[in-house]
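In the block that follows, a single chain appears as structure tokens, in the form predicted on its own.
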């Protein structure tokens, strides 16, 4: 009799456990994604929450491969541009979904001075340095591990950038953690330390299209940017050092505005960038991360909010996409088929003493968080 009772209890416990497992979809799965040209194994991590939202990241370039979120009718679709396989990312030159470093955005003439010493970097964007150089963090294989997250699932990517890599000083120890929770938030935590004074400006370079599956251009997306000022640039897209008001210009997104409303205005800044490719100075209020930007796509109802602890956000409208990139499912990524909202310190900060500093010293931590939060209305 006692044995039967114990068996019955065991069956009941197993049934309850199975019910919990069935109800909860929150999980993370690791799978093979291919090999580098040198034969190194690359992995893909699939994060799923209880709502059925799916985020895929790879340790090649610490890259977001896919973000699948529902529209107003509940239909899931992929809202980031990318490739079906590793080969696309190995050959990629558009920085689709990757972690950018050591320095996201541009550094004028590829030069800066720290503690009296001048450092010279690769000129990979005309006469300037862009996104970490010829082989930045987007072209590195990161070590990846699943990590505990209080409110979801997460995978941490780790990379050590050696002293002198791409011309930058110091051994830089970097961790980027990608998390997903049941609030449909993709949370990116950045952490870096150095053994020599250096400069650091990390960001993620995902191209978003809330139509889903790159079903058209992003000109109908309505954008709000919580910024009263932006940093004007010269014709090579290097900031002039000015913090200019957006009021009365096509750069004013304080209220929701369709990207296509003024993108082709004969406004000097838009001519220089071939559209929007500028840094906005985020209005910082309350505890960080604060709301920097919001995107709404009227046809699908999808909404993306960007929260950050960074002082700036680069809004880029895929102006250099031209149909030559064949992305997922063979789709050609045409002009303005994706938008980027890259949270950051300002471009060329090492040469702009009035900008917030990007200098990192030994004993200090570079630590910042960005959240991409999705919903539908």
Ligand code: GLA
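Positions refer to the first chain, counted from 1. Keep in mind it's a predicted model, so treat the numbers as computed, not measured.
Although not depicted, the form predicted together with the ligand is the subject of the following passage.
- Contact with the ligand in the predicted bound form, defined as a heavy atom within 4.5 Å, is made by none of 228, 290 and 308.
- With the ligand omitted here, the record of contacts in the predicted bound form names 128-136 of 79-87, 152-160, 183-191, 128-136, defined by a heavy atom within 4.5 Å.
- Contact check for residue 49: no non-hydrogen atom falls within 4.5 Å of the ligand in the predicted bound form.
- Of the heavy atoms in residue 94, some are within 4.5 Å of the ligand in the predicted bound form.
- The ligand is not drawn, but in the predicted bound form it has a heavy atom within 4.5 Å of residue 207.
- The ligand is not shown here, but in the predicted bound form it comes within 4.5 Å of a heavy atom of residue 314.
- Interface residue among 223, 237, 251, 200, judged by heavy atoms within 4.5 Å of the ligand in the predicted bound form: 237.
- A heavy atom within 4.5 Å of the ligand in the predicted bound form is found for exactly one of 71, 165, 213, 277: 277.
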